[in-house]
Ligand code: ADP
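In the block that follows, a single chain appears as structure tokens, in the form predicted on its own.
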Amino acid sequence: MNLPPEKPVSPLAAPVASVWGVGEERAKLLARLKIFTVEDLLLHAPLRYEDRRKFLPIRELKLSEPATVRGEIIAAGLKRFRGGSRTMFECVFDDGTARLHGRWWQAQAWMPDWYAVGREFLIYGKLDDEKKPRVFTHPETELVEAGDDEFVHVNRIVPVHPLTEGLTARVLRSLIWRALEKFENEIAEPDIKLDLKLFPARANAVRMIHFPNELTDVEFARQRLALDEFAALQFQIQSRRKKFEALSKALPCGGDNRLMKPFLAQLGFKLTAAQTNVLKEIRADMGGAHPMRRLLQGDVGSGKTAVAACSALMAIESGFNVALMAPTEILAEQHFRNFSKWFEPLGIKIELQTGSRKTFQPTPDAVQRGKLANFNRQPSTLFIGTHALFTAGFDLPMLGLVIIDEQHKFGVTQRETLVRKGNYPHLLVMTATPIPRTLGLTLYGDLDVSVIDELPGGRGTIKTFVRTTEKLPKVFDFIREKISAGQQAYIVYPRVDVADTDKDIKAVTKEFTNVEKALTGFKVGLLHGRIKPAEKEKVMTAFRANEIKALVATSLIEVGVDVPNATVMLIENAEHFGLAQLHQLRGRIGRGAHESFCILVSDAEHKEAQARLKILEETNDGFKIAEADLKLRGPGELLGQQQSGLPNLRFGNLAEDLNLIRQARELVKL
């Protein structure tokens, strides 16, 4: 048998020790920075750049403007305070125009030897204030040493890279320079048809990102290297999709409308045009040649559940079972109530499978065998559950469609685990946290995307206000007024218990009593994750029945709570929630015909927190909020800790590089 020739290994894959100056100890230091190969070293992106062609004189330093100066140490010493428990190392730099004091609190033992009188340093920082003496507190410094590679560090724009203890900026910069000198010609172009009139060659981009001739070169080079990253990512995504389609054959789940028509007739409201359009896309997928892999995005309250119900009916009409997975028991219970009300009149069986409640129990012999293989119910069942649907002992026969609600609450591997329970079932992934387009084209690039961009009519508007703690008495007067008018309220806190480390962050267990006092005469309920499931259900039943007038809760209620009579949402310590989470919480109100009010209470002084809350005051558009959240907090924060699969990007920016991601997708089309 003739085997295809093996692809030659790139010289850039050689260990980083191939670079002159990297011995065993230095290789260990570089490993802390995840630098193991020559390529890792060449792609170690700088944090910032310093223009060392002309140093700013110390006498020209301006308040709060970062700058690099060059000076010789003329004095240095260690100061002790409060009986020696607090120390400060200080040295004085002189460049002939003025003097600059460098100060480091909690001085280290090595400092007096390193910052010795007579040594010359480059010093980067900014003035603390305009008073004299001029002071940089905890500046970055670099020793000026004569050597063969001195031209790498001065009289040019130089990079400042991420470092680790024991590795100086000067040493790392020299290693990257040497790696470029030896391996630059080995940097190959990726296999994409790129117009090099619009972008620099890859090898040139790598040199420019480290040692630009002008600062304008940096962004030019970054875009080229980011495009390469996005192209590699798109190749993986599209290859995975092609491989999946080649291996799988779709189950025929297009349906025949025999259940759909009576369902829509008894629904009580008409689907929006956006919902109807999305259902056309889903029906085409479920009757197509390949299993559906579709992401359904819709803002809070846009009617995704009704679309999920219609999709489930298509599969059930076709003789298959359906599994719907939710991230919390509260949401699973709500789906169970809604779908039971909708589907049981149609003769469709609904089963609930959560950690605390299971409506279907396998027979003893099935338990003994550890599986439900003998479960031969007629294929007209909708299984609703939480992580309990993942369990190895719970098999889902004749599985035609998997629906995952609030996908961002699950990891990618969990999604795949559930899908593998069937023979390539169709998959509908839903999220009420709209995903910014950049993430949609990367993290979910193997899914087709549908968007419900229209809200159902007959809903009240939501007004959002940001207030400080001193306004709380007036806020509670407002809540009393609304409750007296027959409406209900949510009052949300970020924690269950008060933490010793930060007693300024409020917790439901402590604030519950305070809320009861503020709302004397009205019944107040408590809900958080440590309450037993039976008690949670009792509280929610009373709240839905308008027996409980105000519900004090954690963010547990951000999904799965639908009480149209609730018109006020008070969130204290609002700065401790993410934008997307605040938007989800706000989505619990405005579900009825009354005007609703979301009040965000925060005393946060830092600008980022204020900016987040201001965005919520200005817009109810979940897509705009998601874009803003991505820019403010990054993709990991936005998607949550459970979500895996984020690309490891050195140069690409998922908050800013939508055009590059689109170009990469076009370049790689398989």
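Start at 1 with the first residue shown and count on from there. As the structure is a computational prediction, the values presented were derived from the model and not from experiment.
Heads up, the form predicted together with the named molecule isn't pictured, but that's what we're talking about next.
- The stretch from 167-175, 262-270, 463-471, 180-188 that comes within 4.5 Å of the named molecule in the predicted bound form, counting heavy atoms only, is 262-270.
- Checking E333, E317, D299, E229 for any heavy atom within 4.5 Å of the named molecule in the predicted bound form turns up a single hit: D299.
- Taking a 4.5 Å heavy atom cutoff to the named molecule in the predicted bound form, the contact residue among R241, R459, H101, R202 is R459.
- At least one heavy atom of Q275 is located within 4.5 Å of the named molecule in the predicted bound form.
- Taking the partner from elsewhere, R591 is found to have a heavy atom lying within 4.5 Å of the named molecule in the predicted bound form.
- Contact annotation for D562: at least one heavy atom lies within 4.5 Å of the named molecule in the predicted bound form.
- At least one heavy atom of K304 is located within 4.5 Å of the named molecule in the predicted bound form.
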